[in-house]
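Single chain ahead, written as structure tokens, the form predicted alone.
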Amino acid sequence: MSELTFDSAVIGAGVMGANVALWLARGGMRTTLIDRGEICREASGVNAGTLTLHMTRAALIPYAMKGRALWLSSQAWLGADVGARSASGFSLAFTEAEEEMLVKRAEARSAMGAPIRIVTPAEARAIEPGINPTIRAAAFCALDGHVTAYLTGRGYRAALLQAGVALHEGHGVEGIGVSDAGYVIRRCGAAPIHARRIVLAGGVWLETMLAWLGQHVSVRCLINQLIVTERMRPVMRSVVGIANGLLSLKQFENGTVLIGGGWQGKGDPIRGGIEPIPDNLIGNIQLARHAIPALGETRVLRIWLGLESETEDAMPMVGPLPGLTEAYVIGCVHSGYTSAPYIGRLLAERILGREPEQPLFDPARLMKPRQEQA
């Protein structure tokens, strides 16, 4: 077998792709992981790293709970501490409409197994004293937390190499051809790679990647703005959000506070994040200060943009591609960092010929006829 011929090739080295490649290699397949950049340094390297059940879609709760548990035990299966920490989580309601939304969201997630319950303002402040006393209600979950996103690439690199995965970084893929032996992956400025089976794990770039194989799926690209503050005294121990989903707060051990929540900046999949939108930054910061008033004591240190992918029905696509042999896709998982280790392992199990313990998310439901693309 040539050094550029593999049983499996995973294209896209974010957390989803890295997990699939790791479990395939551990399952006995000769595997390569391909990316134009470095492992977990594109979209996966610039996200908030939140482990959340509050912000996860109800249907994904069982996957998120399994994924969260894997993150917290990363030393055992990945061989590295990636800064995963357990914390309680709150979703706050300040208005009557937000309270109604809070209750509905909590009920839907509880029905899927999440230990989320509605608490009074007094109960919420007894657990997290820094919360604004003007809240009407809060949803509380003991199973939230966060991962230090920039540490994951280091951890995965060591684990992948130990498992025998061939890492091909620094050369983008420009197309995929089909051969009698499987697939030919054409790279920019480098020799092609041959593989019996392929996995597309490109996140916001999946629309382009699927088109290489004649598959047509619309993928929305979200340009999320993220903010980190200077170090400050401890003001919160929990992950804090708001019922409408426009806020995500967490304080790290070094005292910095990460502010997110999906407020949008400018960018696209080709150029990535281009620039923030000042009004959205101001709105995000004001909402953060409203939720935790003590944040008024600190200053913004840095702002950056993270990319997130979403399908038309806002549900993942994970599984085999229709009409193709041994071609798979994984991506567009809402709050995907939480679920990534588990969903990646599920797809690897499917590829290895085993029955996954949870259903995958058939990409065929999203495929569009060619005439709709005209």
Partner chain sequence: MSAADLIIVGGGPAGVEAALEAEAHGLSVILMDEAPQAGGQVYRAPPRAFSGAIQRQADPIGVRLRDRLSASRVQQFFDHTVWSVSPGFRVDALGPKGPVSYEARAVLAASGAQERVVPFPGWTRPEIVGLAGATIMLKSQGILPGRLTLVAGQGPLLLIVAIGILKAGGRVAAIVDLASRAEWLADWPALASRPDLAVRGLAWRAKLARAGVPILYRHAIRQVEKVGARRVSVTVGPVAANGMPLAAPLRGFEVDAVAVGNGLTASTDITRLLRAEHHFEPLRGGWAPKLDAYYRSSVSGLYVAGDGAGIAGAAAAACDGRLAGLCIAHDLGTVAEAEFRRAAAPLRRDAARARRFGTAMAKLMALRQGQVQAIPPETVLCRCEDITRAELTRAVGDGARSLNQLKAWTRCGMGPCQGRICGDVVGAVLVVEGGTREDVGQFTGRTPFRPLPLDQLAGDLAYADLKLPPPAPL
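As the structure is a computational prediction, the values presented were derived from the model and not from experiment. Numbering follows the first chain given and starts at 1.
The protein also exists as the form predicted in complex with the partner chain; that form is not presented, and the subsequent description refers to it.
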- Message: Can you pick out, from 130, 83, 269, 283, the residue that has a heavy atom within 4.5 Å of the partner chain in the predicted bound form?
- Response: 283
- Of the residues 183, 90, 263, 205, which one places a heavy atom within 4.5 Å of the partner chain in the predicted bound form? 263
- Message: Taking the partner chain as it sits in the predicted bound form, is residue 259 near enough to touch it, meaning that at least one heavy atom pair lies within 4.5 angstroms?
- Response: yes
- Evaluate residue 170 for contact with the partner chain in the predicted bound form, applying a 4.5 angstroms cut-off between non-hydrogen atoms, and reply yes or no. no
- Message: Can you tell me if residue 273 lies within 4.5 angstroms of the partner chain in the predicted bound form, counting non-hydrogen atoms only?
- Response: yes
- Item | Proximity of residue 196 to the partner chain in the predicted bound form, heavy atoms at 4.5 Å | no
- Query: in the predicted bound form, which of 323 to 331, 34 to 42, 337 to 345, 62 to 70 comes within 4.5 Å of the partner chain (heavy atoms)?
  - Reply: 34 to 42
- Query: Hey, which residues along 301 to 333 are within 4.5 angstroms of the partner chain in the predicted bound form, non-hydrogen atoms only?
  - Reply: 301, 302, 303, 304, 305
